[in-house]
Structures are given as C-alpha cells and as structure tokens.
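Given next, in structure tokens, is a single chain: the form predicted alone.
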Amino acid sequence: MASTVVVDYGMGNLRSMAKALEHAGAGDVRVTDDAETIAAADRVVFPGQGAARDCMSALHAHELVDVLGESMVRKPFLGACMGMQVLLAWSEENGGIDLLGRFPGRIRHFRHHFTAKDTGLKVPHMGWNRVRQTTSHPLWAGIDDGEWFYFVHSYYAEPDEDALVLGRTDYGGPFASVLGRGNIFATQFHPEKSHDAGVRLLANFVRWDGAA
C-alpha cells in the first residue's frame, strides 16, 4: 500500500488527521518531522492551525521548507487550514509575513471581506458551511456540490489566479475555500472534522494519483 505521512511541525490536529486518514483507508499513517521520511512517502498531508508567523517559524526550525517544496512538485499533496494558507506568497497576519509562495496571492483578514450589511458576522468564521465546487476534480468524487464542511479561521485566501480556485464558500460574500493545481489540493476547512464528507474527501485523496 502507498505510504502516507502527516507533516509534524509542532502545530495542528496531527493525530486527528492521521486517524481520519486511516479510517479513510490509508493504512498505517506516519506523523513525522523527518525530512527523509517525508521525501520517501508516496503522498503528503500538510495540516495546520494557529498563526502564519508561528507556522513559518516552525517549518524553518524543523528544516521542512525544502522537502515540502519538493513534495509539492512530484506527489499527491493535501493541505488543510493553515496548511492551505501558507501555500500562498504572503499573509497580512502578524504585521505581514512571507509564506511558501507555491501559489501567487495573499492571505487577508475577514474585515476586508465584509461590507456594512455584514456587521453581525463573527470572526473567526467557525462552524459548518457549504462549499461550492467551481470545477471538477478527482477529490470531489462522490461529494455533493454545496456539501457542508467544518471551518475555523479568521483569515482567508485571495489567490491571484481564478484557475487556482477549486471551491468557494460564502461568508459575507464568496471566498476561496479550496485551492489546487496539478498534484496539490488544499482546503481551508478541516476534512478530519467534517464527518462523512471529510472522510470521503480523504478517501479520494488516498486513491488519487496526483493528476487533476
């Protein structure tokens, strides 16, 4: 069976993600910060939560930036929550921080997204919300358009290219909740907390060969 690793950089719901992947059929899932193990894996899952600056500091401290970059080029790669946001170039969080820069674009706070009529909306955006699929993709197989997924975030992705957006969610207006290109699929929501729909998405990832 193909090997799956969950990247451990000291942040995120790592064991929950690993157990969800195992439940989805991934077999034995390794949670690791070992660059050689990550490089040797057949597929990589990059979860996360917390602040962008802390995330980038942890990635550098664990010496994982290079191996993540290599993994994004040549194998099925799944990012979730902060693991999606840091794929972009820059975040305004913490006064501004450079990210991994795999996709062009930036991360912005929801205060930029709301209009005057939206003053009743709370930040963080937390709880269940629908995801509208903007294009077909193997990871959407068996998942209804408009399915509910679980979110917890105060910042949202603003990619430079519409072609990167694989799903949108409405919270004071639509925002990009799923990004991807080639062998990369990344979600703002937490698939490991999203019950049946999340398990189905992870099961699709486990079977995915990385071709869009």
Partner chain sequence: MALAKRIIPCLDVDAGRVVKGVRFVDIRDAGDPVAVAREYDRAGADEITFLDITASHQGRETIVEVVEAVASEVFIPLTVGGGVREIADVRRLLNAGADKVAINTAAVHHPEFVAEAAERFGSQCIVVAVDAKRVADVDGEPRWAVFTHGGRRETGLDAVDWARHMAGLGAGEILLTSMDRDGTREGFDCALTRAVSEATGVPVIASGGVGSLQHLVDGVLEGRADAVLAASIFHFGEYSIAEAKAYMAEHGIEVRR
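Numbering follows the first chain given and starts at 1. All of these numbers come straight from a predicted model, not from anything done at the bench.
This protein has a second form, the form predicted together with its partner chain, left out of what is shown; the following refers to that one.
Within 4.5 Å of its partner chain in the predicted complex, a heavy atom is found for every one of Pro124, Arg130 and Tyr171.
The single contact residue among Glu158, Glu70, Asp34, Asp54, judged by any heavy atom lying within 4.5 Å of its partner chain in the predicted complex, is Asp54.
Only one of 37 to 45, 158 to 166, 142 to 150, 176 to 184 lies within 4.5 Å of its partner chain in the predicted complex by heavy atoms, and it is 142 to 150.
Its partner chain is not shown here, and in the predicted complex it never comes within 4.5 Å of any heavy atom of Gly27. Its partner chain in the predicted complex is approached by Asn13, whose closest heavy atom lies within 4.5 angstroms of it. Under a 4.5 angstroms non-hydrogen atom cutoff, its partner chain in the predicted complex has Val199 among its neighbouring residues.
The partner is not shown here, but in the predicted complex the stretch 175 to 212 reaches within 4.5 angstroms of its partner chain through a heavy atom at Glu192, Lys193, Ser194, His195, Val199.
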